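Given next, in structure tokens, is a single chain: the form predicted alone.
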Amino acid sequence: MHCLWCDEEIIPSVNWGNLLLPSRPASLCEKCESELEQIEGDRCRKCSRKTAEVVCRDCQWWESQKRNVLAGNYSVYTYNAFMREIIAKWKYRGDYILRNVFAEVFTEGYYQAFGKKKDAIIIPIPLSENRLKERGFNQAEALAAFLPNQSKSLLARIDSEKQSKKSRKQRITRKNPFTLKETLNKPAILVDDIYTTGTTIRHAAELLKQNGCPEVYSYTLIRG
């Protein structure tokens, strides 16, 4: 095996713990793995922002706007410089195999946060048709494929503008970019690559709840 980022050869260590039950082959070498920062310790219970506050100021603001449609978001990694490089190559330059870098930790995080929600339906956040043609794949669907629960594509996106080019105010005040293809009467877990302002996730959650979904959570790879 070679590191998917730096191409250094990965020589697995052998011990009594993995001799009889081999572990999953590593996708990153130890050096590259150490540059990714998992969210540990205190975090906002609503959105996973690293903070000592039980509920961060962003989430308090959302609650003050009467848009408390999201039961909670759980994220795995911070958006540090190394993660930005990986996301740019994976998401914007089409290196699809880099998704495997996140497979093990993303799956473990899901069981930790949502393991008891056996009946929840996973809903990947969709791309617009134009954006999907441009990238060749939907990063949210690529992440959702790692997870154990049933996944359904219940949302369609009509807005093709890049969110990374918008200011915080533009993101928060834009119209809902989604339409609903099918209603859902079970809990939903929205999956996306990054939670930044929470607007995209809340637009999707709002639409689902307005049409009969009892509870909506989100699970994202990164908390921006």
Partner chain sequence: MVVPLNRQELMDLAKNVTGKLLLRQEIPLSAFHFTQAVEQKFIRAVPSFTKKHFTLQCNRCGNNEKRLMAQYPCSICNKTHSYCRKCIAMGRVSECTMLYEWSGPVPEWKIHADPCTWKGTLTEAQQKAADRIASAVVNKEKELLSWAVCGAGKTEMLFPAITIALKQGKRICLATPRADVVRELQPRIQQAFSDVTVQALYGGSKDKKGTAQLILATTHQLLRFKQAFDVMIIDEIDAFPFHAEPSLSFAAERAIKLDSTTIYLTATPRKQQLKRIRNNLLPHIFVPRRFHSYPLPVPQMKQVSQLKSQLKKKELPPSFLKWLLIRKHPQRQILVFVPTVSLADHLSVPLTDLLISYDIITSKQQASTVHASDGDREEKVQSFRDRDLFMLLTTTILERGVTFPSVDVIILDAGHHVFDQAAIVQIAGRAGRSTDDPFGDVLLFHDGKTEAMVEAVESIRKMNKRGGFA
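Positions refer to the first chain, counted from 1. Every value quoted in this text rests on a predicted model; they were computed, and no experiment measured them.
Not pictured, yet referred to below: the form predicted together with the partner chain.
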Given the stretches 146-154, 111-119, 127-135, 74-82, which is the single one in contact with the partner chain in the model of the complex, using a heavy atom cutoff of 4.5 Å?
127-135
Wondering, does D95 line up within 4.5 Å of the partner chain in the model of the complex on heavy atoms?
yes
Is the gap between L221 and the partner chain in the model of the complex 4.5 Å or less for some heavy atom pair?
no
In sequence order, the residues of 70-89 that place a heavy atom within 4.5 Å of the partner chain in the model of the complex are K89
